[in-house]
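Form predicted on its own, single chain, as structure tokens, below.
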Amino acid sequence: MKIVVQKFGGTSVATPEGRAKAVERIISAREQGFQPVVVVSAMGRKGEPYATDTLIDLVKNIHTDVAPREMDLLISCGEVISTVVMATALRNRGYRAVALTGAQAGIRTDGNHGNARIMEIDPEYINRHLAQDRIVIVAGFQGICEDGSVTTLGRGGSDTTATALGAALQAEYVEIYTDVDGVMTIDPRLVPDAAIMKDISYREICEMANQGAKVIHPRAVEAAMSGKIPIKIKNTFSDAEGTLIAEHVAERVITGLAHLSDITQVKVGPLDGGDVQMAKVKVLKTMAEARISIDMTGVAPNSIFFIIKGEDTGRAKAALQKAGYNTTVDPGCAKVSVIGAGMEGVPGVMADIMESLDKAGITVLQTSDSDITISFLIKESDLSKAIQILHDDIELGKI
């Protein structure tokens, strides 16, 4: 039994035209000898009748303080509606299909409402339907926790549902259908000649997602990676080849660029007095106690600096000043990351990047790097120029 998991996002199931295209993709998989297991998102985006944001607005117009358990129960409805619509569309074409909630599909999660993690999947019920030659349509973005409550998986939840099911069912691969032709080297809104990648490794796509590229959630990739299930990112509305995400692909020195906007650089110091090292630790603990995530942490002999999301600037400054630290904040920054598994152990990559930015007159405020990523902090006003010059100099348009 060759299984393929196909996931269709909100834009793919929002209109009759999109749903017709999705049905054709499912039927095509059947005709190629696969048994499709289909994961669907809620139909459409904010303002459309069954979109998740529309459901949230419905209840928040009554009261803004909605209990997390009830909120999860509410926002799981959009995906359930999509399953029934898609199953009915397939039956209209003469195919046996069954709609399942996440719970019925055997998806068990922890109890963290709004951002639950999948703990295990029992595929027995799905396999029973597949054995009866049914196309199984599963509501994405949801599961059930130990006390029987419905939970939702947070951002990228339907992608995670699809890849986790792919691993549990030992699928041949997972297809994630969206409204773009594949994973691109950079956001095409910033660089019009951004290229579509033919393939990319699990760890590269995870890093791109973590650094701001809105392609696929890292949790979804991790689920596929655990079962070594390849992922294909494809366009519902075109016949483009798409992008393959897999363990063994030809790793390039630089694969792509990602960025995060609205970043603030925080500098704490000078740290005077006795134990400067302990003072640095206390700065980090102050941020942790304020529940503020930090990144690109650097230290100097008597100071420490890091970056935070712009929305956290006020809280961070207040917490540090309350703790008695001299604090300087520099808002309006952007973090740009250069990603490529092939750069590991290759000398000169950082030098080339810095040279390109220097020639463009762009000041680098801070840098950090790992095995496959080099990140640098710049002013957000320089973001478009930096992305374009790097894309051109690295020749990512030729990938």
Ligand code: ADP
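Just so we're clear, the structure is a prediction, and the values are computed from it rather than from any experiment. In case it trips you up, residue 1 is the first one in the sequence shown, and so on.
The same protein also exists as the form predicted together with the named molecule; that form is not shown, yet it is the one meant from here on.
> Heavy atom within 4.5 Å of the named molecule in the model of the complex: which of Asp312, Asp295, Asp187, Glu251?
Of the listed residues, the single hit is Asp187.
> What is the one choice in Lys214, Lys198, Lys322, Lys228 with a heavy atom within 4.5 Å of the named molecule in the model of the complex?
None of the others qualify; the residue that does is Lys214.
> On the criterion of a non-hydrogen atom at 4.5 angstroms or closer, are Pro36, Arg108 and Pro123 all touching the named molecule in the model of the complex?
Zero of three within 4.5 Å in the model of the complex.
> Can you check 109-117, 304-312, 171-179, 280-288 and let me know which stretch has heavy atoms within 4.5 Å of the named molecule in the model of the complex?
Careful reading of the contacts points to 171-179.
> Any chance Lys359 has a heavy atom within 4.5 Å of the named molecule in the model of the complex?
Lys359: no contact with the named molecule in the model of the complex.
> Quick one: does Thr11 come within 4.5 Å of the named molecule in the model of the complex, counting heavy atoms only?
Because a heavy atom of Thr11 falls inside 4.5 Å of the named molecule in the model of the complex, the answer is yes.
> May I ask you to check whether Val183 falls inside a 4.5 Å heavy atom distance of the named molecule in the model of the complex?
Answer yes; at least one heavy atom of Val183 falls within 4.5 Å of the named molecule in the model of the complex.
> Does any part of Arg45 reach within 4.5 Å of the named molecule in the model of the complex? Heavy atoms only, please.
Yes, Arg45 sits close enough to the named molecule in the model of the complex that at least one of its heavy atoms falls within 4.5 Å.
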